[in-house]
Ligand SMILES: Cc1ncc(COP(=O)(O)O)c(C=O)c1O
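Consider the single chain below, provided in structure tokens and representing the form predicted alone.
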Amino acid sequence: MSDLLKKAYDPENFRDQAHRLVDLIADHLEASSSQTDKIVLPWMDPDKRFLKWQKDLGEDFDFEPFWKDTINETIHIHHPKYLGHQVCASLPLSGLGEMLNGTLNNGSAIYEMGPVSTAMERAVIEWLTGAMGFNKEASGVLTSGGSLGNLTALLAARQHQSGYDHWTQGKTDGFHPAIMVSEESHYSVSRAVQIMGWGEKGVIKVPTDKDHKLDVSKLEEVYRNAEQQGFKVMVLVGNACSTSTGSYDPLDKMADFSEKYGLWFHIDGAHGGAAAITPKYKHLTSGIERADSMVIDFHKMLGISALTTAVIFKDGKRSYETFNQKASYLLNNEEREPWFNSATRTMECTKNMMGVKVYSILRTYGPQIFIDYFTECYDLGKVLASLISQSADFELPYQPESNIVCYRYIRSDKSDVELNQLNADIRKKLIESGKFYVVQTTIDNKTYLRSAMMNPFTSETDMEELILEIRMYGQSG
């Protein structure tokens, strides 16, 4: 065996590397949370950064400078002034779970390859379904992200609702399946429908009301029009909450409609579905336990590192209908595959040890850690909205229900078109300064800045500084 291989696998060498890297990560977390590190995003032109790292690849390796540069040059999600995309400031213990996953490398799609994480995954799912109010027949799996989770659930809906074995027989002439979704639905839902071969016309949009929630008064009309045009509507999708505005659809009323017409009711709860486990915000998800399927991202509002998504089915048996496919060398030839081989229910044939991360947090801190994280972040959304409402030169398009807050800087001497450009310019300057990280969205053809309060340690002072920074750029623009 080569000396290089011996060194790479040497336990003492790994022990030294791991200790040194953990120290660097801990230093980074401390610098971010205390804000001694003033920069959230160390901005560099993409081409310049590529050239830097391309050159670095040919340099002699020095352990600590390499890892320091890696940490320092990337976006700092644990910084209280990170107010950007919906990625949580992950609990540090979750990172240790990632280390264990990467080292043990147990592909957990079949029990023999990941026995412990498989058992932990089921325990996590049973805790989650119980905490959300589902009955004991509910079940589910963990998978790699909300997009894959939505596809997995909709594939099960297709198999169950088609009236024949869609997986085996494929498309049938004259059969035009479709789903109904809010205009505010996440693009992953439409993408899943198109992956299934239903085309753009298979996604039927339902208008939203002034608060950007699905308008239930339009459901009957949209449904009848779709049927008259020859579409077989099989699924109704609700948002809990929408990605762009953080608004919750009226889930209970949508469940009523689904039951009336025999539709599969799916909820995209990737961001806000976990409100159901919190005493303070569970009212937002009234009716969620009536969904036939739903997804929740642990890596958004529950403090777990990406990617970790729960796909839940009200009737656990439905989860086995997603893929009626056999791989003889992997799966037993039984009438129904056992729960412990998740390859029968997910896209992955090799899956990370996702259950370990969630289980370790539950085991160490109990469910209250998830409730506290979610509640703190949603509370911060209310604080930011209040500060914006008190600022005459800012505009809120609606009162936010979640930790997602949309707003824009306004000036009486600017038209809407000019304000759109002004707010886009403000964001660009914020990003390039590195002091704050916010994103933007479009609502009713107007450009808004958008902040997702993903860090429970973001303070009101941080928000006040953000408003001052935006105002400074807005007045000079």
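One rule holds for the numbers: they count along the sequence shown, beginning at 1. Treat the numbers as computed from the prediction; the structure is a model and nothing was measured.
Separately, the form predicted in complex with the ligand exists; it is not shown, and the next lines address it.
Relative to the ligand in the predicted bound form, residues S182, L251 and S402 are all farther than 4.5 Å at every heavy atom. Listed residues K81, K213, H299, H76 were compared with the ligand in the predicted bound form; H299 is the one with a heavy atom within 4.5 Å. Checked against the ligand in the predicted bound form, the residues S391, S147, S162, S258 give one hit for a heavy atom within 4.5 Å, which is S147. In the predicted bound form, the ligand stays beyond 4.5 Å of every heavy atom belonging to M196. By the criterion of a heavy atom within 4.5 Å, L396 is excluded from the residues contacting the ligand in the predicted bound form. Heavy atoms of L91 never reach within 4.5 Å of the ligand in the predicted bound form, leaving it off the interface. Residue contact check for I110: none of its heavy atoms lie within 4.5 Å of the ligand in the predicted bound form. Judged by heavy atoms within 4.5 Å of the ligand in the predicted bound form, the contact stretch among the candidates 127-135, 274-282, 183-191, 348-356 is 183-191. Of all the residues from 221-243, those having a non-hydrogen atom no more than 4.5 Å from the ligand in the predicted bound form are C241, T243.
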